[in-house]
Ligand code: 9MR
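Have a look below at one chain only, the form predicted alone, in C-alpha cells format.
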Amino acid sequence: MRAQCASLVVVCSLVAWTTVGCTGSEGTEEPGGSSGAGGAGDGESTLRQEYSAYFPIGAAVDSGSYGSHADLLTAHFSSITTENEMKFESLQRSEGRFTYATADQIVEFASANDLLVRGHALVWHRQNPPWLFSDGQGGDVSADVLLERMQAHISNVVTHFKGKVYAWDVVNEAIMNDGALRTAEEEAADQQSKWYAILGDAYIAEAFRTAHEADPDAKLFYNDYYNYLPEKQRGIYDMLSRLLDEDVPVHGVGLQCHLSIEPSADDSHPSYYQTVENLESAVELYSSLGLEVQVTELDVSLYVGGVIYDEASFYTSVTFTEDLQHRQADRYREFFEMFRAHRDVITGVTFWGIADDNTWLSEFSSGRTDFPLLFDTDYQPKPAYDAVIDF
C-alpha cells in the first residue's frame, strides 16, 4: 500500500510456504557482500537460502524495479508483491476494460525466477477510478450497482491470475486507529470509505467470498497498519472473529510494518507503541483465531514519529552515519528474532521495496530522502542485512 504520508505504518501477513525454487541452507555459511548489481557471490549465503526453513522473504516491486533490481531480487528474495500494479485503478481504469499488461509482465518474471506472488490490494478506500462510485449523474451509485461492480472486478482479476498469485490482500485498511470500522464520516476526506458509505460493512465479507469463489486455492488476507496499537488490534480481531463465525473465507492477517528507527517519545503518537512486544501481541492475538500472519510491508525509516523535520534535517547518504546504520540494524534484528520465534504462524515477511534507491519513503513532495531497506542505493548489503541474516 501507499501508506498515509505523514505517518509510518506497520503491516504483516502470513502464508503457508512451499519452498519453490529455494535451495535450503542450514545457516552454516558466513553471510557476505553481494557481487555485481547486488547478486550473491559464489559460496555466499542469501536471504532466500537462510530463511528457506522459516518463511518466504519477499519484496514489493513496481513496473521498473523488478527489472532494474533483478539480480538482487532473484538472489535474495523468494516472493514479490506488486506495489501498485494490481490495485483497482491500475487494472480497471475504465469500466469493463481491464489492463493487465504490466501486471502480467511482473507475474511472468516471477514465474521464470521461481518467485511466489502476492496480490495487493483488491478493495481499498484509496486508489480507485473515478467511475467506480459514480452514478454518472453527479451522485453516488446505488448499493446494488456498486456490489455488482466490486464482485465483477474481484472475479475478473482473481480468475485472471488464478494459479499464479498464491495470496491476496483482499480488503485493505478497513479499521481506524480506535478499533472502529472506517466509515464515510472521518474528518479527513482521504480517510473516508465510499465502500462503507454505500454498502455498509457488508462489502468486507462479500469481497472475501467473491475472491474465494474465483480461486478457492488462493490464501486470502485482511491487511492493515498500526497493528501495534492495542485498540486497533482488538478492533481487527473482533471484525475477523465475526467474519469467521459467518464462515467467511479469511485465511490470514497482513501486518504492515512501516517502522521507525526507534519508537516515538510522544505518547500521543501511534508510533509510541512501536515495540516488539506490542507487535508480537498482534501476532499472538490473530493467530489465536487459527489465522496465518504475514508481515506484508516491512521497512525501518530513519525518521521518528512525532518529530518535526525540515529540509536541513533530512537525512542524506552523508548524514546516514555508521551509528545510524547500526541502530537501524539493531531494530531489524529485534523484530526478526520475534518473527523467527513465531515461524509456526508467520508464513511470510515482505520488505516494502528492494534497495534504498527505490522506496516510497523517499517519494514525498517535500523531497525528503530515507534509507529504510537492507540494501543501499548501490545495491550493497548494509549492517541491517547482516542483522537479519546472521542468526
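Numbers for residues come from their place in the sequence shown, where the first is 1. Note that the structure is predicted; figures quoted are calculated from it, not measured.
This protein has a second form, the form predicted together with this ligand, left out of what is shown; the following refers to that one.
K.L.:
Within 4.5 Å, heavy atoms only: does Q192 come near this ligand in the predicted complex?
P.N.:
Heavy-atom contact with this ligand at 4.5 Å: absent for Q192.
K.L.:
Does N156 reach this ligand in the predicted complex, with heavy atoms at most 4.5 Å apart?
P.N.:
No, N156 stays farther than 4.5 Å from this ligand in the predicted complex.
K.L.:
Since only the chain is shown here, I'm wondering whether F336 would be in contact with this ligand in the predicted complex (any heavy atom pair within 4.5 Å).
P.N.:
No, F336 is distant from the partner.
K.L.:
Could you confirm whether F55 comes within 4.5 Å of this ligand in the predicted complex, counting heavy atoms only?
P.N.:
Outside the cut-off, so no.
K.L.:
Counting any non-hydrogen atom inside 4.5 Å, which residue from S271, S78, Q233, Q256 sits next to this ligand in the predicted complex?
P.N.:
If I apply the 4.5 Å criterion carefully, the residue I get is Q256.
K.L.:
Thinking of this ligand in the predicted complex, which stretch from 214 to 222, 182 to 190, 240 to 248, 124 to 132 has heavy atoms inside 4.5 Å of it?
P.N.:
Heavy atoms within 4.5 Å of this ligand in the predicted complex occur in 124 to 132.
K.L.:
For a quick check, can you give me the residues of 326 to 358 that have a heavy atom within 4.5 Å of this ligand in the predicted complex?
P.N.:
The stretch touches the partner through W352 alone.
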